[in-house]
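Shown below, as structure tokens, is a lone chain in the form predicted alone; questions about how it binds or moves come after it.
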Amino acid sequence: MKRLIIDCDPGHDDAIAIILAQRHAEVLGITTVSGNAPLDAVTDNALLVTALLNVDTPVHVGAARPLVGDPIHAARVHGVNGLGGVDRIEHGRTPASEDAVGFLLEAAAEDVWVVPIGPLTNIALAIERDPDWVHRIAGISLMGGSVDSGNATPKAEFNIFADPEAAAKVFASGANIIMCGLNLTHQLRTTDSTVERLRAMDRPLATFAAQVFDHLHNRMEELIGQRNAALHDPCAVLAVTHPHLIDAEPRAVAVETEGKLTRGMTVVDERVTRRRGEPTAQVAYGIDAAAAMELVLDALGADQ
């Protein structure tokens, strides 16, 4: 079983990714970062998910703001608290520490994967504190970026756009990186039939997930007129736990930090091989979406 640390900003799909990871990996810890919602809200959400799962996975509080500029949040999609539309359960859980970076550095081991599914601020701060850290872990499987179009802007995906300077440090760090960008994650989608399957399970995790997907479908219907949603963050988990489901290619990836129209863009070098830059990441291009969705549904229907 793979050993993971989940670095996240829950967020609806972050919550599903945590549940999936707990089913198929040993999750050593969860670190939180400002992103989909402010830091206090996403930390509360991470604690809520651990309570829902009844696991003792420690939650460590991370960065409240990006390396440069003001925090950017995604209330239009996830709601002000990051888990809009979801019934919250009562619990008395509190964070294990206020030092996510310290935990990331201390937990490093050659078989430990770090799975960032929010802005990359904590990861960049860990690299700043110890540049050799990236060589003491198995790798970084991140949800972020895109080979083509963005969602925060025409060219930038939200997690990268929320802290481009951090992302640039991570991609330039020499880490073993898997990049699951929008070009991949848009292939794994939930629909109202997914919600029906979950409600029919009549189990706490399934009911929680049905509320998650209902909210996202409602928001997508309002924003783009379609009742379906991409299941972004679980892809980065599956790239580690079920790598055979993911097709990836080595590519040079850099992050634009200055462009007026392209700030936060992941610039993926797709030129012919003889002219292509030295790879800095394995860029995911395809996923077996049917098999991936069954794994997600299995995790959500697991016995409580």
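All residue numbers refer to positions in the sequence shown, first residue = 1. Just so you know, these numbers come straight off a predicted model, no measurement behind them.
Just so it is clear, the following notes concern the form predicted together with a small molecule, a form of the same protein that is not shown.
A single residue from the set W113, F158, F213, F103 has any heavy atom within 4.5 angstroms of the small molecule in the model of the complex; that residue is F158.
Think of it this way: in the model of the complex, the small molecule has a heavy atom of just one of L83, M143, A166, L184 within 4.5 Å, and the residue is M143. Between 8-16, 290-298, 21-29, 276-284, the stretch whose residues reach within 4.5 angstroms of the small molecule in the model of the complex through a non-hydrogen atom is 8-16.
The small molecule is not drawn, but in the model of the complex it has no heavy atom within 4.5 Å of M179. Among heavy atoms of N45, none comes within 4.5 Å of the small molecule in the model of the complex.
Contact check for A209: every heavy atom lies farther than 4.5 Å from the small molecule in the model of the complex. Contact between N36 and the small molecule in the model of the complex is found at the 4.5 Å heavy atom cutoff.
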